[in-house]
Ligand SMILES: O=C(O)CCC(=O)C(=O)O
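Presented as structure tokens, the chain that follows is alone, the form predicted alone.
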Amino acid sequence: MDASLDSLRHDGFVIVPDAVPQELLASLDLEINAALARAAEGRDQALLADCVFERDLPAAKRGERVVPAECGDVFILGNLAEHVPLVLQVLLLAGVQHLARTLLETDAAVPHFVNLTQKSARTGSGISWHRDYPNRYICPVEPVMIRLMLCLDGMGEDTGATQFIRGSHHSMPDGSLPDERSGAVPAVCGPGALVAIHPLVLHGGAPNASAMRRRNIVMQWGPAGAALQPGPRELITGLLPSSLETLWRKQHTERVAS
């Protein structure tokens, strides 16, 4: 953990391989696929309200590749704990919580949001260069946050792996964008890896032109009690581990009963 903290401080990101048990990863795969299938069917209105579809994004983000208007591929599925309750088990993993606390240098860390970001095979959109702080969704007042990205399928350069400008968090944002060819480092990793991202490091990713899809669960964490800017909240926003455990038991009980 000390090495991870040093890497985050120095580089702005760190890769932790094999951070999630394979059994949980396999179960997540099944439940996420089921949620994506429901979204493609278009009948679950609550689910659709939390979706950004690939068809709604500009073709420029896909290297001008066009997707049919009826394409049901999801780019982002938000409020994931509502639609895939098993993701609460990821938030409750002792290793995930310990990593969040260590990297935030706090005794108590809480999640702000969790989503699924998918780059579909051959047509998955790229992500422009950006810093995670500030953002327009659930954003702390100060840049005291960390994003942990669980790679369900792993990431390769051919599938549009997230790339980082190493050390770019040491200077405050000035509005400039990097040359994608100048020193970008891809976070190549296998399934089950966690990629921790400093809120001020510049990062982005190319479109996915490969035959393999790339799905990541993105979690934002912050110190317990840290002020958030006004705006939306998710089911899990600000919950301590005991409350996450209670929520998981409630979700699980309701699911078994149905």
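Keep in mind that what you see is a predicted model, and the values were worked out from it rather than measured. Residues carry their position along the shown sequence, with the first being 1.
Below, we refer to the form predicted in complex with this ligand, which is not included among the displayed structures.
Peer 1: In the predicted complex, do Asp132, Arg147 and Val218 all reach within 4.5 Å of this ligand through at least one heavy atom apiece?
Peer 2: Yes, the whole candidate spot contacts this ligand.
Peer 1: Please run the contact check for Asn79 against this ligand in the predicted complex: heavy atoms, 4.5 angstroms, yes or no?
Peer 2: So Asn79 does not count as contacting this ligand.
Peer 1: Does Thr123 reach this ligand in the predicted complex, with heavy atoms at most 4.5 Å apart?
Peer 2: Although this ligand is absent here, Thr123 would stay clear of it in the predicted complex, with no heavy atoms inside 4.5 Å.
Peer 1: Is there a non-hydrogen atom of Ile138 within 4.5 angstroms of a non-hydrogen atom of this ligand in the predicted complex?
Peer 2: Result no; Ile138 lies far from this ligand in the predicted complex.
Peer 1: So in the predicted complex, does Arg62 come within 4.5 Å of this ligand, heavy atom to heavy atom?
Peer 2: Arg62 lies outside the contact set for this ligand.
Peer 1: Please identify, from 29 to 37, 225 to 233, 208 to 216, 42 to 50, the stretch that has a heavy atom within 4.5 Å of this ligand in the predicted complex.
Peer 2: One stretch meets the cut-off, namely 208 to 216.
Peer 1: Could you work out which of Leu152, Cys71, Ala184, Ile127 is the residue within 4.5 angstroms of this ligand in the predicted complex, going by heavy atoms?
Peer 2: Comparing distances to this ligand in the predicted complex, the residue within 4.5 Å is Ile127.
Peer 1: Quick one: name the residues from 60 to 96 with any non-hydrogen atom within 4.5 angstroms of this ligand in the predicted complex.
Peer 2: Counting only heavy atoms within 4.5 Å of this ligand in the predicted complex, no residue of 60 to 96 makes contact.
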